Ligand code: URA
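Quick setup: one chain, the form predicted alone, written in structure tokens, and binding and motion questions come after.
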């Protein structure tokens, strides 16, 4: 007998943020000279700096960032006119020194980071910083991994330099390298300049990202399960003749060539109206008119994907397809792993992760681009909301990208 909720909807329920550190589980406090090193500084500029973990010098002195890496950081801050302890608060992702038998510094384990994460989040709740500068993969894992996705630290190189307008807590997150990495890089002048620039950029952020509450993009999506009603909204968008509008398909296979390949649902957004609907009845004809309206510039997050599916469905190319957010992201910054819509949504808009419960169902069980996925196991309204968010975020990101490039279609 089936339950009330789909598998995806059950996965949507997240555990609440743990606020009590699990020091007894990691045991580091029993093995170091200075257990649970306190956050220091007066934080006049409301900036919290988070490093990795105490080293030998920090453990001996009972304060964060006092060793060689700490001196590098402090010197860099002084060079840009910042008083390290007067203007900032300083702490680490793990506040006890990770112990080794050879008495050498080591990187904290994933479990140690997780056990100590509540200390960082409790500090943030207490201090209410406007900006948090996270230095190195461990700090990114601790903070962004606890807010966005646990695997956030998989590649520190893709995080450095962003100024992320995080929603909850309401604060800027500014990642950069850990000073120990710069020291191991033999004083590379390019890295040193970039590090200093990252710090300078962080201190230009005087206020929190949102004066009141951050935007709730989910509330802007019209989830419409009735095809006739959805078609009316699509025609409303067409009549408006927006200069730009984004669209997105959810499909049963990655490529449209298999015998069971079909479009499951679609969404369209001009930034003001966002509608998500099942691919059925009059919505198909309405979508066709939208796609081949020569006056409306179309935006996609993967132009090749949408083009192939459109060609299969209608036998002709999309009219006036003007922007691909993935290509634009690569043009603006050619680092690997940053061009996807979900990553761009977080670093540019602070959009919390909205695909954790969806993405497992979008992958085929068997290998192959024409193998059927499990998208239909997701509740209809859930997959429509997901699809609608994609379109709304696409057009919002596209406008940011256009502004950065000095391009205007509107």
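In this text, all values refer to a predicted model and were calculated from it rather than measured experimentally. Positions refer to the first chain, counted from 1.
Just so it is clear, the following notes concern the form predicted in complex with the named molecule, a form of the same protein that is not shown.
With the partner left out here, the named molecule still marks one of 380-388, 340-348, 356-364, 57-65 in the predicted bound form; by a 4.5 Å heavy atom cut-off that stretch is 57-65. 178 is the sole member of 167, 178, 198, 208 with a non-hydrogen atom lying within 4.5 angstroms of the named molecule in the predicted bound form. Of the residues given (92, 287, 269, 142), 92 alone sits with a heavy atom within 4.5 Å of the named molecule in the predicted bound form. Taking the partner from elsewhere, residue 69 is found to have a heavy atom lying within 4.5 Å of the named molecule in the predicted bound form. In the predicted bound form, the named molecule sits within 4.5 Å of a heavy atom belonging to residue 53.
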